[in-house]
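The data below hold one chain only, encoded as structure tokens and taken in the form predicted on its own.
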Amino acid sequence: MQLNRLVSFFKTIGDPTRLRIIKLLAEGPLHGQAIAGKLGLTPPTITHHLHKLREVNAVYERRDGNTIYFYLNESVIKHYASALMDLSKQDEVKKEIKDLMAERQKVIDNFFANDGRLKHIPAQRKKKLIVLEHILKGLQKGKKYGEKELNEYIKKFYDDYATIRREFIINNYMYRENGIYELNPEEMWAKIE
């Protein structure tokens, strides 16, 4: 299965409301008004979410008179669950990961000197984020850093510590409160796309 289709499917069903709809439909078919009532949401909201689920074929509909009933497409759900389980075995995914790692390493090699110091900050956002994440590797999760301590750490890589520190905040790598800095969870970090 193509990785982009798998990602699209799981992004779509990853919404909490859509997961709740899937859970309801796993118990049996329902019409939109019933789903809205059970979830305490408006019918237009349910219509929106059902449309998204239909786009990835997770649900299908059947008309009974004037009422449209929605069914969980269990075979599709099982298919994608199976594809997810097989993901680690797929050569395509391994190749993409390997290519991504090679690309990251190339950026690091281009922008850092042999002594580990940053030559200059890349202008391209993607490369800049790779560089910033490389610098972050030496910081500990959960540790609080004073501004002076953080400046000294950054100076090992780049003399303009204020710019790097500011980039850490702008890109949600760290947060600052009363001159104290701490790493954010990785889920909050700016995404390299």
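Remember, predicted model here, so these are calculated numbers, not experimental data. We number the residues from 1 along the sequence you see.
Beyond the structure shown, there is the form predicted together with the DNA, which is absent from this document and is the topic of what follows.
- Among residues of the shown chain, residue 63 is one whose heavy atoms approach the DNA to within 4.5 Å in the model of the complex.
- Using a 4.5 angstroms limit between non-hydrogen atoms, residue 29 is distant from the DNA in the model of the complex.
- When contacts are judged by a 4.5 Å heavy atom cut-off, residue 33 counts as touching the DNA in the model of the complex.
- The DNA is not drawn, but in the model of the complex it has no heavy atom within 4.5 Å of residue 125.
- Contact with the DNA in the model of the complex, defined as a heavy atom within 4.5 Å, is made by none of 151, 176 and 179.
- Interface residue among 138, 44, 146, 142 relative to the DNA in the model of the complex, by the heavy atom within 4.5 Å criterion: 44.
- Between the options 38, 54, 155, 166, the residue in contact with the DNA in the model of the complex by a heavy atom within 4.5 angstroms is 54.
- Contact residues in stretch 110-127 (any heavy atom within 4.5 Å of the DNA, taken in the model of the complex) are limited to 114.
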